[in-house]
Structure formats: C-alpha cells, structure tokens
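The structure tokens that follow cover one protein chain in two forms, given apart as structure 1 and structure 2.
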Structure 1
Amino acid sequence: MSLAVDLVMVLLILTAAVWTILARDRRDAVIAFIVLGLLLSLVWMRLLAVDVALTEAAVGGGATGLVLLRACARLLPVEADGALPGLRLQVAVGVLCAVVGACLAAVILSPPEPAPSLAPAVAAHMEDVGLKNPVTVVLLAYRALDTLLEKVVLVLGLIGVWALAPDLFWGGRPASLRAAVPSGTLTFLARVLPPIGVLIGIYLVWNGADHPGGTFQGGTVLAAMWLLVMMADLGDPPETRALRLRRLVAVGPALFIAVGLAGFGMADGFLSYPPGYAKPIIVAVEVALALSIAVILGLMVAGPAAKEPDQ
C-alpha cells in the first residue's frame, strides 16, 4: 500500500520533470517546474525531513517560480524556443544521460552497510547547545562555518546581480515588478496577506530553535510578502544605494562573523559559543540572518538597477 503511493508520487515527479524539458513554450516549462517543487516538498515530508520540506515549499514553488516567470515575461515569445536539435543528437545525448542516471541508480542500489551517519556526533552536542531542533543545531553550531559561507555566497550573489546594472543606473531602483495590467484583486491580496505572512515568517524563525522551521524558511516567507507588495504596485523596489537597505543586507552576516570572532576570546575558537550562552546567541544570530535573507532574496528577485538614481 505504502509503496504503491510512493510509486504514484515518483510517477508524478517524473511526468513533471520530463514536461519541464519537453514543453515547447518556456512558460509551460516553468509551470511544470513549479509543480515539481510542490511535489518535491511532499517527498521531503515523506522522508520525514520537515525542515527541508518547508524550505522547498517556500523557495522551490514560490521564489524560484517567480524569478523564472518574470524572466519569461521579459522575453518575447518565439516559436523556436522549445525546439530541440535533431533526432540523432537527441538519441546520443539521451544515451549518455541514461548512462549517468544508471550509474547513480547503481550507487543507490548498493548502499554501504551500515549506512554512514553523522547523527550520533550531532546528538552528542545537542545538550551543550540547548536547542531541540537537530537541523538548526547543525546549521548554526555543528557546521556553522558552512552556514556562514553560504550567507557570504548570498551577499556575493546580490552584488553580482547589482553589478549587472548599466553604469548610468548604478544605485538606482530596480525595474518595477508590477503586473502588466493593474488588478483590484491583486491589490486586495497584497493589503490583506502580508500582515499574516509576516506573522507566519516570524513564527517560523522563532520556532526554528526547537521545532522544524528556521531562518531560511522564515526569511523566504518574509521576502515573498515583500515581493507581493511590490507586484501589486503598493511599493516600488527601493534604491539600491540606500544606506539603510545595505545595512539590512549586511547585518546578519556581520553579526555572525562578529560572534564567530568573539569565540576566540570567550570560547574555544572561531564560531564556538561560550558554554551556557549558546542558545541566546544563536537565536540573536538567527533573527539578524532572517532579516538579511528576506532583504537579499527580495532584492535578488527585483534584479539590477534599471533607473537613474533620484537626485
């Protein structure tokens, strides 16, 4: 019974994946990709990884879909888009990809015994940190350096997006996200939903210490609400040169680095927390990170500056 349900799920995923590649229109491909994100979120739930399911639901279905659909909107429709090259090449590449897939499948079918796991190592440190959500413990204590570097990647990504602005527009506002035709319904949604969404975002961040949830999930939800407001034309994207905005981008990573450096003096070294104070420090870092993630994700979707800065 249970395996039959999983088979159905896999079948649906493969349908969405194949259609993502084969759809002629690029917008159809993006819709298929959004469907795939929803399905994957259910798969993560099935694999009992609730934290990941939350991330996939917020990022996979929401944020990535928005970026891709917005790109579609700015490209002219052309017939040739979905056209794949000749059949002979398709077969050759298909065989090559099938071989790669078969190799990966072989790895899955011959797993090492016993299965390797770092869970005991994490369990040994759960007490010291004082949080009950193992994933948050890994993200902010056990492998905190990874998380810090990932924040740096996010900031670098944003700088990369901003750097694509023509010199003339540097520091100006990104192109507006508003819908092509104004809609009263959309305005209504953008007035009603954000207060609720912000509450849920804060809840996810706060809940992340002891239950599934956390900075990414909460931050993404906050970013989504901001984007909704921008799409309904209730607020333009801010000028990228605004100092307050740049401070918000930097506050999370900066606090994280400061806490890391403080570890040299107050604990065992970089990114180690003084015993007994781990939980409050981690929660403070999480709050700052969530703010930064929300702003960074929102600005990455908004894109590079497309207008001269106001005088």
Structure 2
Amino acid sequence: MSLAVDLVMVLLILTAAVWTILARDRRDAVIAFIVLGLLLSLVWMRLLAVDVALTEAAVGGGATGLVLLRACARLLPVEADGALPGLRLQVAVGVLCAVVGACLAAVILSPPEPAPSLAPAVAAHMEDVGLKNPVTVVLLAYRALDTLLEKVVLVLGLIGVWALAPDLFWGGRPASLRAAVPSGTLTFLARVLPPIGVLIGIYLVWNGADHPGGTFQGGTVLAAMWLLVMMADLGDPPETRALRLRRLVAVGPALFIAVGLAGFGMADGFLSYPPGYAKPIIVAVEVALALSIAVILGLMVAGPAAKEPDQ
C-alpha cells in the first residue's frame, strides 16, 4: 500500500509538470504550477520533512502562484499565435527538465556511504541555543547569515517591483485587486477567514522555535489573509510611500542586522547570541521577520503603483 501511494504521487507530479510545460494558456500553466507545488508539499510530508512541506505549500505553491496569477492578469492581451513559445521550444524545455531530473535522481539514489551529515553536530549543540526545532536552529543560529541575506533579497525584490511604476505614479497605490465580477462567496470568505488565518499565522511563527513552523510559513499565511481582504474589495492596497508601511517592510531585516552587530559586544562576533538569551532574541527576530515577510509578499502581489499619490 505504501509503494502504491508513492507511485500514484509520482504519476500525479509528472502529470502536473507536463501540464505546466505544455499548457497553451498562461493561466492554465500557472494553475498547473500551483498544483505541482501542493503535490510536492505532500512528498515532503511523506519524507517527514514537515518544515520543508509547510514552506513549499506556503511559498512555493501559494505565494509564488499568486504572484504569477497577478502577472497573468496584468499582461496585455496578445494573439494566441505569438503569446507562447512554439511546440519545439516547449519539448526542448521538457527534455532539459527530464535530464536535470535524471541527474538529480542519480545523485540522490547513489549517496556515499556513510552519507555526510551535520545533523549530529546540530543536535549536540541545540541546548546551547535553547530551541527544540533543529531547522530553526540551523536557520537562525548556525546559518543565520544566509537567512539574513534571504530577507534582504526580499526587500530588494519589492524595490524592483515598485521600480516598475511610472514616475508619475511613484509612491501611489497599486491597482485594485478586486475581481471584475463581484463574488458573494469571496466576500463571505474575506469576512470569516482572516481572524482564523491570523491566528494560524501567529501560531506558525511562535511554534517554529520548538516545532515545525517558522517565519516564512507564518508570514505567508498573514499575507494571504491580507490579500484575501483586498481581493474581496474590503480594503484597497496602501500607498507605497506610506512611512508606516515602509517601516514594516524594513523592521525584520533591520532588527536582524542590529542583533547581528550587537553580537560583537555581547558574544563572539556577528550574529552570535549571548549565553542564556539566544531563544528570546531569536523569537523576537522571527516575529519581526514574519511581519516584514507578510507585508512584502502582499505588496509584491499587489504590484507597482498604478495611481497618483493622494494629495
């Protein structure tokens, strides 16, 4: 039964991947990509990698899918003949993906014996950090610089999105996210789900210190609730020049950098934590990062300013 479930999941993933490549409509391709992301999250759950599964579902399938759908909506209508690459190019892309997949499979299925791993070293020093989730220990302690750079890249990505706005609209509001035809179901969900979603997002952030969860997962859920409200026309996207908004974008990375610099005086160096205070410092950084991630992802989906700033 276990082997049968694995085979079914493999077939579904391959079907979604082929659908993504061969779909003639942009929206169909994006939907197939979202389905692929959700299926991959099930695979990670099957491998007992809960943190990776949550990240894949929230970011890989959810946030990225929303950004792609938003991009599809903003593209100008074009003739079907020239809208997408031809069949030859699509087949070439499919063959290239198959080759890359085969190479990855060869590497994964023939690991060295014994397989190299730093898991024992992480487990041996988890008590020094005070956290019980090894993934969070790696991301916020042993590889904290990589995590910091990822957050800075998000801020730079948002600046790149804002830079697409014409000079006349700089600092104004993005275009409305509401659907062309109002939906009573969407409005109902936008009134009911956000309180529940906010609690789930907060729980994922708080739970990430000792159990599966974290800033990306929680921040993405918070961003989804905000986007749901805007899509139901219960709130407009904010002006990008708003000082409070920009502070929320910068608070996570700024606090992370400040904590890192404080490590020179309180510990052994940059991004080092003083003994006995590592956990509360990391939790505070995660809370600030979750707020920044939620705002950044929401603003990325909203897109560049499309209206002049209010006087």
Partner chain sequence: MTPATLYGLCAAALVAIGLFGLILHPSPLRKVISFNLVGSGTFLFFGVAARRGAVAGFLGDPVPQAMVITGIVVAFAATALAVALLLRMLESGAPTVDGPPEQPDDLSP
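Under this definition, the rigid core comprises the largest set of C-alpha atoms superposing within 1.5 Å between the forms. What you see is a predicted model; the values in this text were computed from it and never measured. All residue numbers here follow the sequence of structure 1, with the first residue given the number 1.
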| property | result |
| --- | --- |
| Index of the chain form predicted together with the partner chain, chosen from the pair | 1 |
| Displaced residue check between the two structures: residue 168, CA, 2 Å or over, core reference | no |
| Threshold 2 Å Cα movement between the two structures at residue 159, rigid core reference | no |
| Residue 94 CA shift between the two structures in angstrom, with the core used for superposition | 6.1 |
